[in-house]
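Quick heads-up: it's one chain on its own, the form predicted on its own, in structure tokens.
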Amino acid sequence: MVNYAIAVLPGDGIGPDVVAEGLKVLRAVEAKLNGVTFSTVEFAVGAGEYLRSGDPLPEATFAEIAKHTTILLGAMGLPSIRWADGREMAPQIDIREKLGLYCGLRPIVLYHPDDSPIKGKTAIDFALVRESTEGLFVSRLEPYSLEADAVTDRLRITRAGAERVIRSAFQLAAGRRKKVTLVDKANVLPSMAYFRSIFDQIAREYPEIATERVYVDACALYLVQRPESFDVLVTENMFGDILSDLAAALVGGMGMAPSADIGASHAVFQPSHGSAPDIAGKGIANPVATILSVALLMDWLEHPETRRGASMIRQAVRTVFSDPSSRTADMGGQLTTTAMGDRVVAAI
């Protein structure tokens, strides 16, 4: 018998609502696995914790979270709760950086053609790999003044950071359709020309994988025009942040967009959406992104049974979405958060 301990961080807003459904699905799958169990420990992190203790990510809490290699996160931050300099609290990014979770994996899959705003598309299935520890986010914690005459953000690319995320993209593509698209702005930015040069060097290590290089503005266009042409895309932190939201819109919205932030020893799994405080507690949030993040979690554990569980979850979601009435409000339906979770469990 193998037991996997999972740290659970429900967070703020709709985070607790969708995490509850993700855990419900986890338990439904657990009951069907052979020799695998899951134990969960919940931790309070986020804007709500800041209001309680004055720190959105207390050091003692982080130390306990870090003892778990596998972390399930709901959503963190509230627009009304900010630091004095105007920034919204983002402990999820702090965790990402502290644990070195450099590979931001954003799978984009269309489960039913009617859910895409681009009609006629039936085969959207690609993965965006976002470098998650440097890029344009690198100076986010540096002090600045709202009264200053100018404020500068820096975009930093290191060779080590670029190499590890680009290799992750190639390794992912090797198990998919064997194509990697580099997304950059190498025609303008020196940092992106540098990123491209490292991509070119690593591409030579994978001669069996096709490559293409696309500027980020053109990529936004191509994602709308021909999303089915992409397999794995790899890009810088901010570019990936923006494009992953655009990509989510292609398959039904943020409620359908799971994600994983993966490092050498730890990984965080969470929906790509935010905390949406305007609908928190109303029972109408879409939990599917969280449920699909649980599938990513099971894949990452790399046990034959957990991989089988991940496949069970994805097939259950596909079964549920084959019924046009099975949609939450964000996708034009009437299912509650709990009802959607119940339907996925029933399909499992």
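Because the structure is predicted, anything quoted here is derived from the model rather than measured. Each residue number is its position in the shown sequence, starting from 1.
Below, we refer to the form predicted together with a small molecule, which is not included among the displayed structures.
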Taking heavy atoms only, is I279 within 4.5 angstroms of the small molecule in the model of the complex?
yes
Contact label in the model of the complex: S132 to the small molecule, heavy atom within 4.5 Å:
no
May I ask you to check whether G240 falls inside a 4.5 Å heavy atom distance of the small molecule in the model of the complex?
no
Against the small molecule in the model of the complex, would S275 count as a contact residue? Criterion: heavy atoms within 4.5 Å.
yes
In the model of the complex, which of the stretches 114-122, 253-261, 217-225, 195-203 has residues with heavy atoms within 4.5 Å of the small molecule?
253-261
